[in-house]
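Have a look below at one chain only, the form predicted alone, in structure tokens format.
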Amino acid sequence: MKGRLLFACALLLIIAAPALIMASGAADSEADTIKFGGVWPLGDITGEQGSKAAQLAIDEINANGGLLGRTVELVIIDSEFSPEKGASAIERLANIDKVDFFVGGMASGVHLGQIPIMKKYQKVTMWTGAASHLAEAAVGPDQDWYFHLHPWDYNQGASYVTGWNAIAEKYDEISIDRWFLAYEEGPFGSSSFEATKMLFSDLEVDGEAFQTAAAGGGDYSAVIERAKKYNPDVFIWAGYDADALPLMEQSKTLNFSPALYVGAPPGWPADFGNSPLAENVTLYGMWAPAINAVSDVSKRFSDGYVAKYGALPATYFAPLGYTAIMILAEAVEAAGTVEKDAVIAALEAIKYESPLGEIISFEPSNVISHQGIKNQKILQWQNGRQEVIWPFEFATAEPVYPFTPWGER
């Protein structure tokens, strides 16, 4: 009887052995994968192209042997511009997908919903979006796992002051004494308005909110009429890519053509430059294809993106998404591990030559310990291209001034 029992057990082990080996192999394979968890609004151009560029970085890393001899993977979840869905995406990435790092991001309102979940898991995070200082305050000090690439609103504002003063000093005909800001009703727009008032406190600044088309709005007539009556030297709108063309169309209909017409969305529609309405519109950004002419790193990124996706990126969130992955990858290689403290130490020492045309390192901002980029660039649509007009060391064209009246197009 005892012999039969031993035989039966041995037989079961033989039968089960292949399954056990397969299960063990699957577990080992899972452990051998380094996972990046990305959250973007995939229905918006910033999220679509930011996530695509991040995947481009993943593909390049794997083509070169992975990280530490391990395959890398990017798990992407759509935030749909919703704080609730953005937060649940972080929860899923941490609990179900078991990612090593959080990357991506766009929209301050969404990020405010994500930050409490991020603080719960404290995974090393490389965030590409969220400009509102309210998001920085929500992260708080002493969160050494949190790295922020995008400038905060006050960083952006300070760079705009520097840039516009430099432009006005170089070009005597350009006046910047009187400002009007049309801003979307959310945290991004309202913080932009408050920062503009504070930073340009020695100038005349007024503004009014509108409901962005990204949230179901799209009628800008009231804010345009208010701006027209104010008669600013500089008109700026802060909203999303969905606002760009309808806002320009309504401005033309209402015959509103300020000397400087400036757009400040995180991203523009991919075909915006093809519209005659785009000509001589000024914008803020961190990258444009024109930078390929002054940066070899930018050109390599741009060529790789075109080779993979068949078109140039139309938003700086593309090189930001790529940069987020590459900075983390460089830190993991330097650390020789994905262990959190070692990766943080490597990130604190990093100097990454980015496709944005500048070397990125991290230093404290007003609240957090690890802020990357602090400046935006001033660009202008000319003949369908975004040309850099400031900083002058990156300039690819002279500014066209004043903004061409609609009737002369």
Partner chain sequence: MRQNKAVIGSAVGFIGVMIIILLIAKPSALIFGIQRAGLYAAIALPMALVLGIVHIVNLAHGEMMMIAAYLTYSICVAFGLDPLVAMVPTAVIMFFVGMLLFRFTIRYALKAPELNQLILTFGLAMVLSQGINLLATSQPRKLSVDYVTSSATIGNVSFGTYDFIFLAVAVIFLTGLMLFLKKTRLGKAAMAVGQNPVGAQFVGINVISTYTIIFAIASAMLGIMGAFFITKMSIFPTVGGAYTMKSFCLVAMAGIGNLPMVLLSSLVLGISESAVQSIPGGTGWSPLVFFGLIIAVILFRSYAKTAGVK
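As the structure is a prediction and not an experimental result, all values here were calculated from the model. Positions refer to the first chain, counted from 1.
One more form of this protein should be noted, the form predicted together with its partner chain, which is absent from this view; the next part is about it.
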Exercise. So which of 328-336, 292-300, 230-238, 243-251 is the stretch with heavy atoms within 4.5 Å of its partner chain in the predicted complex?
Worked result: 243-251
Exercise. Between the options Asn165, Ser175, Ser221, Thr71, which residue brings a heavy atom to within 4.5 Å of its partner chain in the predicted complex?
Worked result: Ser221
Problem set entry | in the predicted complex, the residue from Pro269, Pro258, Gly304, Pro151 that sits within 4.5 Å of its partner chain by heavy atoms | Pro269
Exercise. According to a 4.5 angstroms non-hydrogen atom cut-off, is Gly216 in contact with its partner chain in the predicted complex?
Worked result: yes
For this session: Determine whether any heavy atom of Phe210 comes within 4.5 Å of a heavy atom of its partner chain in the predicted complex, and answer yes or no.
Result: yes
Problem set entry | Partner contact for Lys170 in the predicted complex: its partner chain, 4.5 angstroms, heavy atom | no
For this session: Indicate whether its partner chain has at least one heavy atom within 4.5 Å of a heavy atom of Lys308 in the predicted complex.
Result: no
Exercise. Every residue in Asp144, Glu358 and Ser369 with a non-hydrogen atom within 4.5 Å of its partner chain in the predicted complex?
Worked result: no
Exercise. Does anything in 37-65 come within 4.5 Å of its partner chain in the predicted complex by heavy atoms, and if so which residues, in order?
Worked result: Gly43, Asp44, Ile45, Glu48
